[in-house]
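Presented as structure tokens, the chain that follows is alone, the form predicted on its own.
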């Protein structure tokens, strides 16, 4: 297919040492009129310094209220092939383990019905298919569902749960992140496909506090693997790290957030009572240190990107919970959280924003979780204590 548009501004983004999304769009544009028009409209946006996509729009497939993001061009006469440019979210498999057979099938289907442009993966974790028209939504969904794939979440619904690779490839994982994500996905299909929440809700599961999935910054509910026992220390391996040039005091001891470690040049000591299980020392000295004892997860709530009150990190609700199938304790806790959100949440208010507005005390009382020191995110803002009669009777 001959080049349809001149793109001098976009061409600039291909210069330099790093890969460019412009190059990938051009590859798709070589065989897709839709990708070519998307390239032309994007060049015009750069030239005019404004966007030409209309805001929102309700579109979907039969029986589903989410999974398709409606997008329409505000210049349909000039760029007719992107008059509709809808995005589909495909529910990704836990840990992002795809077969080459599926990836080939996916690309063939998308070349047939869409622009050929993909994004692996979106911020929620879905496999993103960028750009198709309204008429092709049902056929492309039928193609994917016939092969066992489903749409992900979008809108004011449960978004597609995602996780790190966990025990499949990582020796640090304290929980089975893959099974937890699969169980959550199967349990709450309706909540994913039929939006009924005040706003979006995301689960992300990390096998340890290294948090490769960035759950603590991007998930309404973070499930982070942890342990209850001490950190086992192999002093011979500690000595090997020192011999190989590691400055243990500067790189390990001084970097400990709770200052629970000491090193005299011969022996590394850990005051496990003060350890916050951050994983820094274990990640840096894999052969010398390892967690022991009972494994489980810390449950956190409330992180999100900026919207009403700015970005927030999630904070601890349950310091330690056993995460074993069928995960009933965890699921019942989430249902109580959703009940609180459903009763008090405003339209387009994330659950973390609601907790900040109503107060952590009211939230904890509603979900039936006792206050604990690990839940303290910042010092008290006032010097007063308020007691209820039920508290005084205990």
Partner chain sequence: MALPQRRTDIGPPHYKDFLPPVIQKNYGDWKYHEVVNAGVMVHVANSGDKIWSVRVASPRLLSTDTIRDMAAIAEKYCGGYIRFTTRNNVEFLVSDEKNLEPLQKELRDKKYMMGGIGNRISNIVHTQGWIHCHSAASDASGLVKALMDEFADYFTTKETPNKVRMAVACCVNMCGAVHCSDIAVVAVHRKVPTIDHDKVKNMCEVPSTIAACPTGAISPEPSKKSVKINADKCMYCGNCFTVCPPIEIHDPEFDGVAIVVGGKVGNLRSNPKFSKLAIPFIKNNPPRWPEVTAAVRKILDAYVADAKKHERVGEWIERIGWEKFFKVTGLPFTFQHIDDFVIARETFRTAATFKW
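Model, not experiment: these values are computed from the prediction. The term rigid core refers to the maximal set of C-alpha atoms that superpose within 1.5 Å between the two forms. Numbering follows the first chain given and starts at 1.
The protein also exists as the form predicted together with its partner chain; that form is not presented, and the subsequent description refers to it.
Note on the partner interface in the predicted bound form: the residue among 197, 149, 315, 203 having a heavy atom within 4.5 angstroms of its partner chain is 149. This chain appears without its partner; in the predicted bound form, the one residue of 232, 321, 75, 217 with a heavy atom within 4.5 Å of its partner chain is 217. Contact here is defined as any heavy atom lying within 4.5 Å of its partner chain in the predicted bound form, and by that definition not a single one of 226, 243 and 376 is a contact residue.
Its partner chain is not shown here, but in the predicted bound form it comes within 4.5 Å of a heavy atom of residue 104.
When contacts are judged by a 4.5 Å heavy atom cut-off, residue 81 does not count as touching its partner chain in the predicted bound form. In the predicted bound form, its partner chain sits within 4.5 Å of a heavy atom of residue 280. Taking non-hydrogen atoms only, residue 272 never approaches its partner chain to within 4.5 angstroms in the predicted bound form. Using a 4.5 Å cut-off on any heavy atom, the residues of 254-273 that reach its partner chain in the predicted bound form are, in sequence order, 255, 257.
Positional change of residue 382 between the shown form and the other one stays under 2 Å at the C-alpha, relative to the superposed core. After superposition on the rigid core, displacement of the C-alpha of residue 12 between the shown form and the other one amounts to 2 Å or more.
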